[in-house]
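Shown here is one chain on its own, the form predicted alone, set out as structure tokens.
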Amino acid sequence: MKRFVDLAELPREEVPALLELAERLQREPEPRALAGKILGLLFLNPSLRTLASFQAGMARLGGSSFVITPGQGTWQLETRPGVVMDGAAAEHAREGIPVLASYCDALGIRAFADGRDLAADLAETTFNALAALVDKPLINLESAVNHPCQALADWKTLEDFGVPRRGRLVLSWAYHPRPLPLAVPSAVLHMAALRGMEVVVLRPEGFALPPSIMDKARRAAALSGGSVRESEDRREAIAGAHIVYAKEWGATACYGDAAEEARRRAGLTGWCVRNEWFEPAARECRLMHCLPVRRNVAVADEVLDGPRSIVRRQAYNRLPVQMAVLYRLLKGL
């Protein structure tokens, strides 16, 4: 494996192999496996779990890491092509990223969606431009429409809790006071489809995921024997579900239009996940969320603190699966 950018890029047997490796490294740590190896982490956007879990994972395997957050102890980094650099940014990615890559054995990059041009974000314009500058093993720490690290941890979480491969996962839109990126919903949808699940995207009108994201998931489902559909009927979607995966994202019907976005979501505060969502037809259903989560806005305390919530296990699983990714990328180099 030369890079970890998208689960769709991996051979079908690679994901089960990574999950098996993650389990083995949990049971049988290899504290010298990556001795002498260095991981570079470039965060153009904030992080808690991704940052901490990659640093901890590299340390547990005997390697080391460095973190660059442009503008916080380093020069601000310009990423746009052809720009006249007469503003705040003193360094361009075309110089900065090859330099960083020369200092490490693998480089991870986090670059969120711009949030203004849907076509450009769906094309992963920024992340792909940065990735093209890297000549080392590369890890996608979250891009405009993908988060493979989260998706792999979520797959492991489903396995840990014995969720059937043909079980139902409801990817439910949840309320947030502002639009959030499509990366996690896109990655989770594809992951669940690839696993062979019955996936229902539950969302209000105007918040449908883009056709290219849905089509990618449907292709994965066709290979795995799963299915993908959409619904606005909460009761029907959740009835009999094994998992409700709550996630916030922006209104794709008016992507980048802040005023229209605010108008559309103003009446949707009822899309806060509560215990009543699960009664009576899905009492055994579990709740997943990638975190961070706004309590009593996206998910109520009663759910997050109750027995159906497995969000902390999800977060923990970022560590072993990312250790497996690092092991596969760097062991033997």
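Computed from a predicted structure; not experimentally measured. For every residue, the number given is its place in the sequence shown, counted from 1.
Although not depicted, the form predicted together with phosphoric acid mono(formamide)ester is the subject of the following passage.
Is S172 part of the interface with phosphoric acid mono(formamide)ester in the model of the complex - any heavy atom within 4.5 Å?
So S172 does not count as contacting phosphoric acid mono(formamide)ester.
Is it the case that E248, even though its partner is missing from this view, gets within 4.5 Å of phosphoric acid mono(formamide)ester in the model of the complex, heavy atoms only?
So E248 does not count as contacting phosphoric acid mono(formamide)ester.
Mark H147 yes when one of its heavy atoms lies within 4.5 Å of a heavy atom of phosphoric acid mono(formamide)ester in the model of the complex, and no otherwise.
Result yes; H147 sits at the interface with phosphoric acid mono(formamide)ester in the model of the complex.
Indicate whether R308 is a 4.5 Å heavy atom neighbour of phosphoric acid mono(formamide)ester in the model of the complex.
Although phosphoric acid mono(formamide)ester is absent here, R308 would stay clear of it in the model of the complex, with no heavy atoms inside 4.5 Å.
Listed residue (L291, V297, A59, L268) with a non-hydrogen atom within 4.5 angstroms of phosphoric acid mono(formamide)ester in the model of the complex:
Of the listed residues, the single hit is L291.
Which listed residue (P280, P31, P46, G36) meets the criterion of a heavy atom within 4.5 Å of phosphoric acid mono(formamide)ester in the model of the complex?
Comparing distances to phosphoric acid mono(formamide)ester in the model of the complex, the residue within 4.5 Å is P46.
Contact stretch among 61 to 69, 270 to 278, 299 to 307, 48 to 56 - heavy atom within 4.5 Å of phosphoric acid mono(formamide)ester in the model of the complex:
Only one stretch qualifies here: 48 to 56.
Residues within 4.5 Å of phosphoric acid mono(formamide)ester in the model of the complex, restricted to 107 to 124 and counted by heavy atom:
The stretch 107 to 124, when checked against phosphoric acid mono(formamide)ester in the model of the complex, contributes only R110 at the 4.5 Å heavy-atom cut-off.
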